[in-house]
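Consider the single chain below, provided in structure tokens and representing the form predicted on its own.
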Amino acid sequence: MKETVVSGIRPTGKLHLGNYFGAVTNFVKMQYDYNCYFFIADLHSLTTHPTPQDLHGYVRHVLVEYLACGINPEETTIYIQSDVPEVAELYLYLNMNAYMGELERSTSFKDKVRSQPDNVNAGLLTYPTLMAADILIHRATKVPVGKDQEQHLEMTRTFGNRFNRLYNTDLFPESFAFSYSENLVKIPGLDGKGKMSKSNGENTCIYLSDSPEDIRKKVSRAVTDGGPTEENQQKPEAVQNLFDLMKIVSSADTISHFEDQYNKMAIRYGDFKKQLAEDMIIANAPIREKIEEISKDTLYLRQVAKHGALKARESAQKTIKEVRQLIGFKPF
């Protein structure tokens, strides 16, 4: 029997290269080897209070882009989180056994408290339990997540094991981070700081649907420095980020050329950025064309979402039935 994999992406806009190379590429590889559930995490996105119009549009964007990237609804289960009410039910049960102290110690919660002090809502505090519900509802053992989510995954194991102990069961297996590469992938942004993320600003991301003109403009504004002042010196973070991006989209010869230019203090960042932008455009072109094609087919998108919801609920209902019985919810 194939092991079960679960992962999702919040619909906060369009997918960017960080999503694609950091997660979706792995999704495409995994779908043929594992029993996969890939969802669009619209319940998670409610912590930021999107408008109804934005939320629906964002969900549609991600569904289109999942399909354009090569996720096959005949090989795997693609679904929208809110189409599976069993997830919210399990979230409630897990919250009953989660403790304030452990939730408040979550690194992502503390980061959100600092970054958005006027919107510290209960959804942010209990984000780890909703994430755990997403995973445990299908009893997954593998979860392709980025480094920033590893603590949440550790908490998922805590919640699953706690439920097992409380109700003397082995219902929930332990789940672990998983990637087809040795290390979990982190795609840097264009701002010279950390990973590519919409929360760091629209211009730090290269979106899968960006036009060639958009990509050239964004890359041209990417953060660099004044250039190396001695041979073979270590690159500052901003410059290293751009070289890391080049390693993803460019040929080995191209990378070697610019590494050599940097080490000799002969690099011209303008030429470097132009090459990086053109290589990004070439790498992204097939996906962008598919996005434009699939986004026109509303009937197909509706069928994919409906089919995915049925498959996901079939799995989720089996888990919830057992959970309810274990807790003691039984008909008279």
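Keep in mind that what you see is a predicted model, and the values were worked out from it rather than measured. We number the residues from 1 along the sequence you see.
The protein also exists as the form predicted in complex with a small molecule; that form is not presented, and the subsequent description refers to it.
Peer 1: What stretch, of 295-303, 34-42, 264-272, 50-58, brings heavy atoms to within 4.5 Å of the small molecule in the model of the complex?
Peer 2: Single hit among the candidates: 34-42.
Peer 1: Pick from Met246, Ala222, Val143, Leu124: which has a non-hydrogen atom within 4.5 Å of the small molecule in the model of the complex?
Peer 2: It is Val143.
Peer 1: Could you work out which of Thr76, Ser209, Ser179, Gln149 is the residue within 4.5 angstroms of the small molecule in the model of the complex, going by heavy atoms?
Peer 2: It is Gln149 that has a heavy atom within 4.5 Å of the partner.
Peer 1: Answer with yes or no whether Ile137 is in contact with the small molecule in the model of the complex, where contact means some heavy atom within 4.5 Å.
Peer 2: The answer is no: Ile137 has no heavy atom within 4.5 Å of the small molecule.
Peer 1: At the 4.5 Å heavy atom threshold, is Thr4 in contact with the small molecule in the model of the complex?
Peer 2: Flag for Thr4 set to no.
Peer 1: Heavy atom to heavy atom, is Arg10 within 4.5 Å of the small molecule in the model of the complex?
Peer 2: The answer is yes: Arg10 has a heavy atom within 4.5 Å of the small molecule.
Peer 1: Any chance Met131 has a heavy atom within 4.5 Å of the small molecule in the model of the complex?
Peer 2: Residue-level check for Met131: yes, a contact with the small molecule.
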